[in-house]
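Given next, in structure tokens, is a single chain: the form predicted on its own.
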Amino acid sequence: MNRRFLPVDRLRGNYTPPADKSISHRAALFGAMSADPVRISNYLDSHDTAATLAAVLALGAAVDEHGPGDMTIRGVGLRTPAAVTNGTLDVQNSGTLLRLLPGWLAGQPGGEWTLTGDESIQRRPVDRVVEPLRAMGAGLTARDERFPPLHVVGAELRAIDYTLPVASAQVKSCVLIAGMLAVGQTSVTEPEQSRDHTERILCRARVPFERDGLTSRVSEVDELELYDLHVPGDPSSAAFIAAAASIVPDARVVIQGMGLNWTRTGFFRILERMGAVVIAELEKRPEVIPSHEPIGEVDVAQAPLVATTVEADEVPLAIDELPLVALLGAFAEGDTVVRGAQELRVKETDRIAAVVEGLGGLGVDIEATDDGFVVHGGTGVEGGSIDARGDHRMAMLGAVAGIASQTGVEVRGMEAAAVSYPGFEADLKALIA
């Protein structure tokens, strides 16, 4: 499905982003691991999160829907012999589900599952979850030792001390979930801070958990004490609207109900550093991991932008929004540089290549590096055509580029946006109108 996005001269209004995708996945999985019913409000309705609900249903949980985004999950418990074994679980396009679910399955002795998905997911590496789960005692095999389908054979797990080679909230979460099922205390150390939604749910569920600097520790537990969970608005989805509000003339958007977790608002700190008007009370790094997700309002308005450099320690806190940094760089005076972002090469597509080729085709002066890109700014976006490559974030990037361009942008494969944000076009149109 192709869509053409024409330049606009204003973007204004109040806007509520869709529910957070990362937290929705975790809410469903932890709900399924709980023995008591868990009420979830504002669960995201998207292709990815629907795959997670389908997976927990296949594993024996029940989902009672009360209305849009409002449901109760009746789980099977953390340790359950009733889970379906010798089954195939389709994660569709969800990399989060692909990497988190094995942590739970690995600790179910006697259970066997095969995780597979769509064409894109077959190219997403899983070796970084295979390595620690094997060290804990589970049996895992992957195609070429690296790619799905991923076969998981559950076992009695033993605790490990694991150091992540690359900061990844998904891999960290997988090991922490497995750690709840392992004898002893499991620790995970990451090179830089990544998003901490799993750690907050562990605290909320009264799991023996502690964090010391970049090391998280979890101990074996028999059951979870988890009841209600509310999913805030997704900062990664809101970032596309915020980026548009910073480069479209006469733009001001008030983003309401957005999650302000400090591990998710790295893009908004970069945006403010580049000169956009950002008014918000973003969460500061807490000394102790809280058991809740902060929610609030962010006011973004257009202003002249200046170039910036995003270093490796910022990358995990803005990983999904880095393509937008490239777009902002086109409108900023100077050279905008992103370093230490090798992880972009193993997303739904190679996002470094996709961003450089896509924005380059729209007249942006951008070049790839081994671990990121450099944008020579000040020229904005001319226009043309961009291929989403089946990547939801590339589709939305093209749309934002289009409304801020000189002649308009045609996005080929706009339907990919539905993976995380089915209502994106409608929300964007409402703010234009």
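What you see is a predicted model, and the numbers here were worked out from it, not measured in a lab. Heads up: residue numbers just count along the shown sequence, starting at 1.
FYI, the form predicted together with a small molecule isn't displayed, but the following is about it.
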When the small molecule is placed as it is in the predicted bound form, which of 408-416, 21-29, 421-429, 8-16 ends up with heavy atoms within 4.5 Å of it?
21-29
Can you pick out, from Thr263, Ser120, Ser168, Gln302, the residue that has a heavy atom within 4.5 Å of the small molecule in the predicted bound form?
Ser168
Exactly one of Cys203, Ile319, Val76, Ala159 has a non-hydrogen atom within 4.5 Å of the small molecule in the predicted bound form; which residue is it?
Ile319
Establish, in the predicted bound form, whether Arg128, Arg195 and Glu343 all lie within 4.5 Å of the small molecule, using non-hydrogen atoms for the distance.
yes
Can you check whether Thr96 is within 4.5 Å of the small molecule in the predicted bound form, heavy atom basis?
yes
